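The chain below stands alone, shown as structure tokens; this is the form predicted on its own.
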């Protein structure tokens, strides 16, 4: 009993330690001063109004959201068939294909960004939304592939073969048997992909402009010249958006369906 209470207390302390930065960020966004201060000196929502009425912040946030959604979509389109091919079939170059698709996990994003900038310059694909999208698809696809591969088990293959033996078509088997079994991998991979794309700075900074900016790059540029509570307000709004996203995922899909590992 004492050991269980000690473990629970340690878990609560760990959660409190992890949540402390969030408290500091949100508290700093509520201060009345024109500089970051915690504990906040007074309480006000003025800095949120500043952010929401600043078109550069709003535009950057929308760009980040659209970019992350598009990158996640294309990562799923590429990662799902690639996972099926790698997990279910033997072919020449299988190991090379797997290593190539997973390589962005070990390569620094700033290196990938510089390489894509040089390559895109030769094609005229630089400093625009398609250039950003290509780079983000490259770095988020490995997350989808990595979370999907463990879900293609021999037991699942037996269920698919049973479905085909009972007269179901390939598409029906995929839709009614395979897809529900790999849904946890799809959802978790999509979450990882979206978050990775949304918060990326190192790769995005090579293809952003004053008119086309993501919110992380916008903050990165802003703090070089000024540090005020609007930065904390943007961070707090991002935290709020993440919390809303988690609630929506739980309502629509159910977090209990996600893998435990």
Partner chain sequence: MASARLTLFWLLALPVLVFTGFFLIPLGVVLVSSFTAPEDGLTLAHYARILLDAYHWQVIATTFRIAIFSTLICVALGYPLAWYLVRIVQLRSWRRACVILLVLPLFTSNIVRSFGWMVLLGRSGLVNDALMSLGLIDRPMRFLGTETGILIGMVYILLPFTVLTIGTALARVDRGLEQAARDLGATPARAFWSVTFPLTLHGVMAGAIIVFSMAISAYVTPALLSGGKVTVLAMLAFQQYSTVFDFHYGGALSITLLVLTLALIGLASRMTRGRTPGAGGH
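Bear in mind that the values here come from a model prediction, so they are computed numbers and not experimental data. Positions refer to the first chain, counted from 1.
Beyond what is shown, the protein has a form predicted together with its partner chain; the following relates to that form.
Note on contacts: among 201, 212, 50, 70, the single residue with a heavy atom within 4.5 Å of its partner chain in the model of the complex is 201. Shown alone here, residue 65 lies farther than 4.5 Å from its partner chain in the model of the complex, counting heavy atoms only. Proximity of residue 44 to its partner chain in the model of the complex falls outside the 4.5 Å heavy atom cutoff. In the model of the complex, its partner chain sits beyond 4.5 Å of every heavy atom of residue 129. Looking at residue 40, you'd find every heavy atom of it more than 4.5 angstroms from its partner chain in the model of the complex. Contacts between 10-26 and its partner chain, taken as any heavy atom within 4.5 Å in the model of the complex, involve 10, 11, 12, 14, 15, 17, 18, 19, 20, 21, 22, 24, 25.
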